[in-house]
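Next up: just one chain, as structure tokens, the form predicted on its own.
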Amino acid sequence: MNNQVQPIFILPEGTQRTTGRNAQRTNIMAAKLVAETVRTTLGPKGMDKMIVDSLGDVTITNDGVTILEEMQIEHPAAKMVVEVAKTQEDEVGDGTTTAVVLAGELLKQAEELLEKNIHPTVLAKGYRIAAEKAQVILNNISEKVGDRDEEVLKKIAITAMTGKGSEASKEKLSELAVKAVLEVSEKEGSTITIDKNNIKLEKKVGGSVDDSELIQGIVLDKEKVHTEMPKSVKNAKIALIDVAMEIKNTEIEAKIQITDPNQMQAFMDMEEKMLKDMADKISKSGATVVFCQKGIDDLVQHFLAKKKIYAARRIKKSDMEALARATGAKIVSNVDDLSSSDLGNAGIVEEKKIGDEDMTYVRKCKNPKAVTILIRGGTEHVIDEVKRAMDDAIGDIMAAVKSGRVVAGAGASEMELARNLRLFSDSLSGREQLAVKAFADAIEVIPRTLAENAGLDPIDVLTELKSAHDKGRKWAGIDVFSGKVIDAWKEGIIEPLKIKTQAVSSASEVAMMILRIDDVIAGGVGKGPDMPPGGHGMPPGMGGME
């Protein structure tokens, strides 16, 4: 009798499955690799990455989330870490590298404890306790900042831009960023609301980064529709119209039979009169500038030009809304309804040639709730990187103004947080204590990386920092240029609290999630829907995991 047991397959053929420690090892490995990729970009001495996509487009950047998105990472665990960067970008707009490096380090520390046979759920619980305590500690050590404290806000912007491509002009750019944010912020009682969409970043190649400017209003990359229109209009009354200023073609095919040449002429005269009426109505309302979301008929252009009215057409919907916020105009859907109360105001509307393009500037709006920062620079790559740096700076200022809490950078807040977490871990018993200690060690990866990227000895630097913090110097940080320990607050290295709290919470969440996975089941080849070209059923980096 044959006693051989028939093996039972419960998964489709070709499915790859890794379980237990193996699964954890590969997942942690993948997450650590993502962190390693962006780690060298952290801090003022961080280097940049050049990413060339399949079409040959080049991106040169220092921005964590941009690097990870452009790299098109495929491994499932690595993707989870990329999500951390995206969350950080959406919530704060800066600190993406910090969040990713932290997630990688939390997993690296966890791995050492897993080797000592500490159970992943115990670890995850310890990490959760540490993450909750970290939020409390960060709040306690943070300082208050007022929404009118422009000096501190400017320092926040400079800190955000240091080490980015825009560093040479950070003084100028940080001033623009602070002004822009304060211009569009609105106060209701004690709460401050700021919509990032109200700050438009417009890029134009030419000149240098120093030529960038803040425009109290909107810049449109549109030109006036008719050469006879005035080049600039002072104290402009602005009409915003979102219907086509043309004769509507009827939906139904209509045949008009004309038996007499005079009828033909009358028919054409009628059309011309209708178009002239449109121009007259605009003129009657008192408007001197018209922005139309749709098209403007040639004849209407001609009549508007005769009346010395400036007009631009095919304006994007988002720009129309920004114009409404900046000038106080109402967007009108029917020319017949246009009245003087619908018009907005701007000190000057003019057409300017920038580089080889004509653009329309709507400037000097009183109390505009939408503004434009025009970013200039020598090449496309430079401008793109300056724009990313400005995005970070604006996000930081907004986070600081909204929450009103800030901390010092240069690794100071991380060292203080790690010190307090260690003290807290002494009050715990059991294995959770080890997890909280591991969490505290992981936090120190930020100052350590800052030192490494600056070519300093991380062990020396961390020892010095630790002793400074133990002596009660709360804001002792590292000066990456001299290698000395400094008071980061006095040196003006300041960041919003939100960067730190968000980075800690999303990094610890993803670390806990990856730790709890003990089984990876990856679908077989050819059974599911067709793979995209180049796909082989398995995400790259998942092979060879048996």
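Note that residue numbering follows the sequence shown and begins at 1. Just so we're clear, the structure is a prediction, and the values are computed from it rather than from any experiment.
Only in words, not in the display: the form predicted in complex with adenosine-5'-diphosphate, which the text now covers.
K.L.:
Choose one stretch from 445 to 453, 291 to 299, 465 to 473, 324 to 332: the one whose residues place a heavy atom within 4.5 angstroms of adenosine-5'-diphosphate in the predicted bound form.
P.N.:
Of the options given, it is 445 to 453.
K.L.:
Which residue, 35, 67, 515, 493, has a heavy atom that falls within 4.5 Å of adenosine-5'-diphosphate in the predicted bound form?
P.N.:
Of the candidates 35, 67, 515, 493, 493 is the one lying within 4.5 Å of adenosine-5'-diphosphate in the predicted bound form.
K.L.:
Could you work out which of 109, 96, 372, 174 is the residue within 4.5 angstroms of adenosine-5'-diphosphate in the predicted bound form, going by heavy atoms?
P.N.:
Checked against the cut-off, the match is 96.
K.L.:
May I ask you to state whether residue 162 is within 4.5 Å of adenosine-5'-diphosphate in the predicted bound form, using heavy atom distances?
P.N.:
Flag for residue 162 set to yes.
K.L.:
Applying a 4.5 Å heavy atom distance criterion, does residue 504 contact adenosine-5'-diphosphate in the predicted bound form?
P.N.:
The answer is no: residue 504 has no heavy atom within 4.5 Å of adenosine-5'-diphosphate.
K.L.:
Any of the heavy atoms of residue 478 lying within 4.5 Å of adenosine-5'-diphosphate in the predicted bound form?
P.N.:
Yes, residue 478 lies within 4.5 Å of adenosine-5'-diphosphate in the predicted bound form.
K.L.:
Verify the contact flag for residue 410: yes if a non-hydrogen atom of it lies within 4.5 Å of a non-hydrogen atom of adenosine-5'-diphosphate in the predicted bound form, no if not.
P.N.:
Contact with adenosine-5'-diphosphate, yes.
K.L.:
For 31 to 56: residues with a non-hydrogen atom within 4.5 angstroms of adenosine-5'-diphosphate in the predicted bound form?
P.N.:
Counting only heavy atoms within 4.5 Å of adenosine-5'-diphosphate in the predicted bound form, the contacting residues of 31 to 56 are 41, 42, 43, 44.
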